[in-house]
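A single chain, nothing else alongside it, follows as structure tokens in the form predicted alone.
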């Protein structure tokens, strides 16, 4: 009961932070620009309490349950954003990042009946596999939000709407550089996740088709992110094309999580 209450409080605080960031980005009210990070920080504290309570009550840990994996990813996205804000003026990006954090948390809530990873599949490599995938998803989620902001900022520039939102979003070159750094961080983590994931797929025969589909989308994500990195170096791929490639890669990465969730629910049925 307490855990459920903490979940609702956490989701509500994230929703409040999302609204505050959105209004700030649209209207530029400085008071909201300071209240939004405070609301997000409170949401993070509540989120930590929820995870601790859930572990104490149910014993769920990220390496055995996709529900907790989503919950931890949600928390780290929020923390990663607040850390980035300490070095850059990224207040307006909260309008793009907090919805992702909230959606990941809600996904964890909807996954309450998802089965845990089968005992026969677990090994010492499993924590590594889950850990690098969580960190990779966090980096790509932040890069996805930055890419959306880039495309919006580019659109405002092309239409010469140079006031309001345009003034509050970071410059295009800063968004492009930040998105590239985030993809650079996430790509090796994704690579390790795919290699370790292949190890677990080889240990399960009866669910081969499901694993093949999950790995197909993972490979597509890897290809998109590899293209963003390689073409940037080899062909000067920047700006809009890099942002679109990053977004496509993130969508594929999300499909991997959806595949795990669907497989878990079918296994629990």
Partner chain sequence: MKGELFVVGLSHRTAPLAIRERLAVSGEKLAEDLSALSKTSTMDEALLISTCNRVEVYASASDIAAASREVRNYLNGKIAPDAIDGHLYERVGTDAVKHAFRVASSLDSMILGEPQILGQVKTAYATAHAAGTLGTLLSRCFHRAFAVAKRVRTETGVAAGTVSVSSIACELAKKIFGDLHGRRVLLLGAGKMSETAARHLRKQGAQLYIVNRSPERAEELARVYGGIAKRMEDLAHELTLADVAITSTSSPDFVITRELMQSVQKARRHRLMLLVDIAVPRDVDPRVGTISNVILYDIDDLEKVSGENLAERLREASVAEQIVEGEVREFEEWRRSLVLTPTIVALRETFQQVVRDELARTTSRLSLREEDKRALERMGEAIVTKLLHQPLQELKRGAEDSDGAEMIAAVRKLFDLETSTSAQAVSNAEAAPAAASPQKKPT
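Numbering follows the first chain given and starts at 1. Being a predicted model, the structure only gives us computed values, none of them experimental.
Missing here is the form predicted together with the partner chain; even so, the following discussion is about that form.
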| Can you say which of 134-142, 71-79, 90-98, 168-176 gets within 4.5 Å of the partner chain in the predicted bound form, counting heavy atoms only? | 168-176
| field | Interface membership of residue 86, the partner chain in the predicted bound form, 4.5 Å heavy atom rule | value | no
| message | With a cut-off of 4.5 Å between heavy atoms, is residue 27 one of the residues that contacts the partner chain in the predicted bound form? | response | no
| said: If we define contact as a non-hydrogen atom of the residue within 4.5 angstroms of the partner, is residue 198 a contact of the partner chain in the predicted bound form? | reply: no
| message | Taking the partner chain as it sits in the predicted bound form, is residue 238 near enough to touch it, meaning that at least one heavy atom pair lies within 4.5 angstroms? | response | yes
